[in-house]
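This document opens with one chain alone, in structure tokens, the form predicted on its own.
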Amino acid sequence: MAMAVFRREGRRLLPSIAARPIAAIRSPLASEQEEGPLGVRSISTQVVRNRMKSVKNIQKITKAMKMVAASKLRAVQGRAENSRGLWQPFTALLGDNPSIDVKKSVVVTLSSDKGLCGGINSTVVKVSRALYKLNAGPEKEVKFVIVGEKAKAIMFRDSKNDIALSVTELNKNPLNYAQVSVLADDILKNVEFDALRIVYNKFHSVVAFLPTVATVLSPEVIEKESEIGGKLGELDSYEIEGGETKGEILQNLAEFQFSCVMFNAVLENACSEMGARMSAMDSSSRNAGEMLDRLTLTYNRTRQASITTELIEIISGASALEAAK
């Protein structure tokens, strides 16, 4: 009789002591590759550990990208500052009149070929669109020349018919004046204009850049403005030597001015790109560090809860066995 009672108690107690089937308690968040023999708490800990590893890898990448951008910025910054001396004499001689009213305007938008550099590309696109609205009219024509992959991707969505020329991968090789002068020559050959408006980001510091518009007038407009008077009228005070006419000299001056302004604008925009990328990657590294701290805290709490739960189950099972004797 006593043996029969012990068997019935044993049949009643043993199912409560036995471990639960693993398949019945698996977390729906765990994938098939993350299945393990210890149950749901072990799997959730593994998920957190995998995410911590991913965040660490991302942090390493962002730190490396920041260092690369800093190295490139040091290489370009000095050249950009020196190139400012090329276009300043032209500004003193021919002036810079961004509000001039002409029939044919060309907006040259400078952007980067790669992303992860903040909002410098969207800024120049907004300025370019604003210039389009200001200079467009029933008897006026405005075209775009896009330099850079990012501005091209944005502008092609809604201004495809107004894009006369697009150039990408300009920064693939180290920038020099010969390379930019070839680009300027291609622009002058492929578009007709009365005024060229170059939109770029002027570099001030690693965390500060200013959207800037530089205006280059055609020789015909320059000659017309010099006849009217004003600042361009000072051209008549210079003596012309040699056999060239005033129109030929203005043609050479306009082409040389455009290539110099483009060279400075490309270097300034490259500096702004590297500075913005440094700032963006620094913020990303700090955010990854904060996320890693939170995941570490979550991992430690989950691991401690798993250990505590296993200890409670062991003690409860031992107590149940002692009570069954």
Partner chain sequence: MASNAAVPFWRAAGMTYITYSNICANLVRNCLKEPFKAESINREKVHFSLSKWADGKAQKPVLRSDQPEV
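Numbering follows the first chain given and starts at 1. Predicted, not measured: the structure shown is a model, and the values here were computed from it.
Beyond what is shown, the protein has a form predicted in complex with the partner chain; the following relates to that form.
S.K.: Contact between Ile163 and the partner chain in the predicted bound form at 4.5 Å, heavy atoms?
M.R.: Yes, contact at 4.5 Å.
S.K.: Hey, in the predicted bound form, is Tyr132 touching the partner chain, heavy atoms inside 4.5 Å?
M.R.: Taking the distances in the predicted bound form, the answer for Tyr132 is no, it never comes within 4.5 Å of the partner chain.
S.K.: Heavy atom to heavy atom, is Ser259 within 4.5 Å of the partner chain in the predicted bound form?
M.R.: Yes, contact at 4.5 Å.
S.K.: With the cut-off set at 4.5 Å between non-hydrogen atoms, does Glu220 touch the partner chain in the predicted bound form?
M.R.: Answer no; every heavy atom of Glu220 is more than 4.5 Å from the partner chain in the predicted bound form.
S.K.: I need to confirm a contact call. Of Val213, Ala75, Leu188, Leu93, which residue comes within 4.5 Å of the partner chain in the predicted bound form, counting heavy atoms only?
M.R.: By the 4.5 Å heavy-atom cutoff, the listed residue in contact is Leu188.
S.K.: Among His204, Lys126, Lys246, Lys152, which has any heavy atom within 4.5 Å of the partner chain in the predicted bound form?
M.R.: By the 4.5 Å criterion, the partner-contacting residue is Lys152.
S.K.: Out of the stretches listed (102-110, 168-176, 204-212, 134-142), which one is close to the partner chain in the predicted bound form, meaning heavy atoms within 4.5 Å?
M.R.: Single hit among the candidates: 168-176.
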